[in-house]
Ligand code: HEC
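Only one chain is included here, represented as structure tokens and corresponding to the form predicted alone.
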């Protein structure tokens, strides 16, 4: 019986390891395998620093920044990238008012089952709906951004670095040493992308692509920071609650440990005296 149990445990860990390797392979295929040129000239290991209010074990979201970040997403990113794991009603926790959320949802077209006929029909969106998929007219499939900061190493810092990391030309040393790494026509050089050359045109090509509702100057750097912060929230909207829960559990464990130690001293004090 013990032998059978050991074999089953071994099989479980073998399957888990195989699944992990398969998942990493899938992610690499999506991101693009780094070439030797990318490994030498890429800066993925040296991302641009980004400090957000949500950083750290006691971090909290800056709702003003989240709203600005959503405005960047809606004005710049939404034409290509979907946000299918986020419900409209959740946006009230990202700084939008209930009225703004209702108006935003109503503008969307949702294909859903008609409760009377059972047929799939288009209808105006409701706040309970999630963002619909984006129909992309170009080639390829732009990734959904709902969990992008969880799916990319470096998280928000990677998104921020990628957005402002486009360069007009490749380093001469790179082209000389790796002729095959020359940016193909129709692609763009970005040292923060896995293969250095990316099909996505610079989304933040200039300042003032959006008009912030709070009057903040919409520079390229500001927009990149704000949308990165918003995507952190989109991937983990319960982050603040998790931080609060973790803090309470730490306090509880400290109290329980202190109580256990005092009980130990009280119970064994006389025993040790003998």
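Positions refer to the first chain, counted from 1. Since the model is a prediction, treat every value here as computed from it, not as a measurement.
Separately, the form predicted in complex with the ligand exists; it is not shown, and the next lines address it.
ask   = Is there a heavy atom of residue 85 lying 4.5 Å or less from a heavy atom of the ligand in the model of the complex?
value = No, residue 85 is distant from the partner.
At 4.5 Å between heavy atoms, is residue 140 in contact with the ligand in the model of the complex?
Answer yes; at least one heavy atom of residue 140 falls within 4.5 Å of the ligand in the model of the complex.
TODO: Consider residue 193 of the chain shown here, and say whether it contacts the ligand in the model of the complex, taking contact as heavy atoms within 4.5 Å.
DONE: It does: once the ligand is placed as it appears in the model of the complex, residue 193 has a heavy atom within 4.5 Å of it.
At the 4.5 Å heavy atom threshold, is residue 148 in contact with the ligand in the model of the complex?
-> Within the cut-off, so yes.
* the ligand in the model of the complex: contacting segment from 101-109, 125-133, 158-166, 177-185, heavy atom within 4.5 Å -> Looking at the other structure, the answer is 158-166.
Note to self: Under the 4.5 Å heavy atom criterion, name the residues of 213-234 that approach the ligand in the model of the complex, in sequence order.
What the structure shows: Counting only heavy atoms within 4.5 Å of the ligand in the model of the complex, the contacting residues of 213-234 are 227, 231.
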